[in-house]
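First, one chain by itself: the form predicted alone, in structure tokens.
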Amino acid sequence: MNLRLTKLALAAAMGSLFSGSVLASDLVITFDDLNPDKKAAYEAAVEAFKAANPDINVTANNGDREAHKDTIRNALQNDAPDVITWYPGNRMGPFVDAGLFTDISDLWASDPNLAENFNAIKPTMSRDGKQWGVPYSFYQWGVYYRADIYDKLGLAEPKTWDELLSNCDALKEAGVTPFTIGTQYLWTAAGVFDYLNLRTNGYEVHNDLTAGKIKYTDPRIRDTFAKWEEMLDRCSFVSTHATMDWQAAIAPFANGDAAMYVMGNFSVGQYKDAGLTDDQIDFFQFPEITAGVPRAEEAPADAFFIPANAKNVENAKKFLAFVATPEVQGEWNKTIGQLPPNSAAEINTDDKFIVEGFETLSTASGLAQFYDRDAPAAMAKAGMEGFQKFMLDPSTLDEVLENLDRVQAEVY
């Protein structure tokens, strides 16, 4: 167990010893990630919690993430654990609306740590004015770019849409394609759409769209696609994007044929594996489009929830409060190379992308969970197919939007 988590656990355990004897009770946790780093972080946190709460008998389960997606509803409806992993935002909505998750607004209100240090992510953990879970990790999206190419051409990180377009003009004049992307697996196009919509219309409109409350043919969404068409024209993406996955799309970025990539922070290791150094790559927030629209960010998060059928709710709340502490959040995310949602947690200051990402997300006005998490599965599939079709041929816009309206009417 990590030394800092050990100290935290021992301090809490001493407090419990001096508070009088407590009858043993139970806690059953279901986690969903078998990747070595994620598994190690989870197990370290559980061991620290057990040391801090020797009166609680903890059963810590773990399983495959994709299988978890298929089985969670059945688990929630039947013999539910006390704590279970799932996703914030609209993805938690169906379980909240079906009464399958426990309202933990009291924990958010009574725990100063949650009340003060989770402001950026609180909206995405909320529904109907209540809070339903506690996030343990997230990561930033944004624009990763070739700093050496920018420097050679005398370009600065763009803060506004016009500055981005101007940079694209300069790159194209120098024979460099502004953006790489691989849309063979469609979710990459969704990342571009999300940012264009967040910057054009803002967080509430974006959430209303993915929640099925406004149509794709709404003039505001048409404005988003107008910006996308401008991006396709003035900036341009690598022409073969439909034949490449996101990893194959790193090749033109690594060899200098393309200068920017709208992507998540998990991609940094792949850039380095392709031969790029920290000095050659950097990161900037997706630029402002509509002046005055608060800056929301794309930040897929993972969280713990308490099922409505949980047998040990008080112990479950103790575990969620423990996972929310700066110490646990900091160590968990250093282990997995991601970001702690707790703004008071320590981060790996040796990693410039983690530092920039932490600042980006901690100061955001809202956090979107990514299109294929925020929208129901059938809607997300149709939406991402439409995004790719539009990227390949912008003249299909009306056809794409009208089809997405039809799908939306069926799905919601």
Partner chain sequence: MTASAADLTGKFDTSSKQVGVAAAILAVCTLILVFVIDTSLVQEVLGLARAFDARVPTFFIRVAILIVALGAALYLVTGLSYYKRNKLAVTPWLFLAIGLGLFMLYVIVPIFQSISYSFTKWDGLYDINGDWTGEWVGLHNYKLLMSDPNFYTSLKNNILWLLLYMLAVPIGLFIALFLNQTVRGIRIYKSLFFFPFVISQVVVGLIFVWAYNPQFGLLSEFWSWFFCDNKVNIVGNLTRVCSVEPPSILGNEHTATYGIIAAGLWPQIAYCMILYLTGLNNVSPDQVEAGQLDGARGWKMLWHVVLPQLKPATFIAVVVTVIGALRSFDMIATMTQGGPFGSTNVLAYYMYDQAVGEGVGRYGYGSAIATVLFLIMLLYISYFLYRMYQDEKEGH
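Quick caveat, the model's predicted, so the values are computed rather than measured. Positions refer to the first chain, counted from 1.
Beyond the structure shown, there is the form predicted together with its partner chain, which is absent from this document and is the topic of what follows.
Every residue in the set D70, P94 and K381 has a non-hydrogen atom no more than 4.5 Å from its partner chain in the model of the complex.
Residue contact with its partner chain in the model of the complex: D350 places no heavy atom within 4.5 Å of it. Residue contact check for P294: none of its heavy atoms lie within 4.5 Å of its partner chain in the model of the complex. Taking non-hydrogen atoms only, T240 approaches its partner chain to within 4.5 angstroms in the model of the complex.
Although the partner is absent here, S267 lies well away from its partner chain in the model of the complex, with no heavy atom inside 4.5 Å.
The chain is drawn here without its partner chain; in the model of the complex, the stretch among 222-230, 195-203, 133-141, 98-106 whose residues come within 4.5 Å of it by any heavy atom is 98-106. A heavy atom within 4.5 Å of its partner chain in the model of the complex is found for one listed residue only; from E346, E356, D33, E385, this is E385. Proximity to its partner chain in the model of the complex, taken as a non-hydrogen atom within 4.5 angstroms, holds for one residue of E314, D128, D257, D273, which is D257. Contacts between stretch 142-180 and its partner chain, counted in the model of the complex as any heavy atom lying within 4.5 Å, involve R146, D148, I149, K152, L153, A174, V176, listed in sequence order. A shift of at least 3 angstroms brings the Cα atoms of Q247 and R65 nearer to each other in the model of the complex than in the displayed structure.
Panel note: the distance between the CA atoms of D208 and D97 is larger in the model of the complex than in this form, the difference being 3 Å or more.
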